[in-house]
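A single chain comes next, written as structure tokens; it is the form predicted on its own.
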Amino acid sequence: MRLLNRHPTRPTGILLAALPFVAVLIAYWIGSEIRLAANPQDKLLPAPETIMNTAGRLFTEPNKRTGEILLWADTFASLRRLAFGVGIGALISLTVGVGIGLLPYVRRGLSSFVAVLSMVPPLALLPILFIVFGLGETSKIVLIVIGITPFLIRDLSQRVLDIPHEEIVKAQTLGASTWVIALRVVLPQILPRLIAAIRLSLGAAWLFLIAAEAVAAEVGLGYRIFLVRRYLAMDIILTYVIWITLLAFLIDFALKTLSRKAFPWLGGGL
């Protein structure tokens, strides 16, 4: 049997999925042991038990000055910014993407502009955003929107163009207007793709969020990481990095579950 036709059993699949994570943990543990053996005061690779103790403290102990648990305050602030940025970007992308894919005049007018806009490095615009919108919440949300929206628009517009032309012709034959075609023919087919595109853009959205928080914020996951870096508090930094990774995974899993429940006819996917 050819290798491409061989599929792992469920236990084997779980084992194969866990192997990279186990390898990273072992490599980190070995590196930490070597550095701590040479210098017990080394801060670069804290021992795993140190990270666990720090995580327990960050999740449960309130700040003595403010009385709030900083990690949870940072989490809620960052998730709020992320939700607004991704939500606004998705809404704009859905509207413009359908317009470009369905309407020739809109496609002629905006497709080249969106293509050029997608080539602009969003982080290069960060100083401009701070000047225009100030150092508050708006600039951070706008950075996320600018960062992910062009990609989402191009992806959704291409998905609309990939819809078989026969479906559009049949809908017109039955008397459907452009508005009805957009709602009843196009929208049901691109909503699953919108969710998939959002999942693919989450990594970039987190990057833009953390970059903005690192530069100008008083609360947030990115702000806290860059605040403690000056003290080489790697146990805190690694705790926050692991927490951000877990949050990103949970959001991705939630979107995947939503797509599977809302559109069961899609079948398997990422």
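Here the rigid core means the biggest group of C-alpha atoms that line up within 1.5 Å when the two forms are laid on top of each other. In case it trips you up, residue 1 is the first one in the sequence shown, and so on. Quick caveat: nothing in here was measured; it's all calculated off a predicted structure.
Omitted here: the form predicted in complex with a further copy of the same chain. The next part is about that form.
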Hey, in the predicted bound form, is P150 touching a further copy of the same chain, heavy atoms inside 4.5 Å? no
Whether F76 contacts a further copy of the same chain in the predicted bound form should be assessed with a 4.5 Å heavy atom distance threshold; does it? no
Closest heavy atom of Q172 to a further copy of the same chain in the predicted bound form, within 4.5 Å or not? yes
L200: touches a further copy of the same chain in the predicted bound form, heavy atom cutoff 4.5 angstroms: yes
Residue within 4.5 Å of a further copy of the same chain in the predicted bound form by heavy atom, from L102, A196, V142, L94, is L102
Selected contact from L110, I146, L71, A90, since only one has a non-hydrogen atom within 4.5 angstroms of a further copy of the same chain in the predicted bound form: L110
Members of 2 to 19 lying within 4.5 angstroms of a further copy of the same chain, judged by heavy atom, in the predicted bound form: R2, L3, L4, N5, R6, H7, P8, T12, G13, I14, L16, A17
I want to check I14: does it shift between the shown form and the other one by 2 Å or more at the Cα, with the core superposed? yes
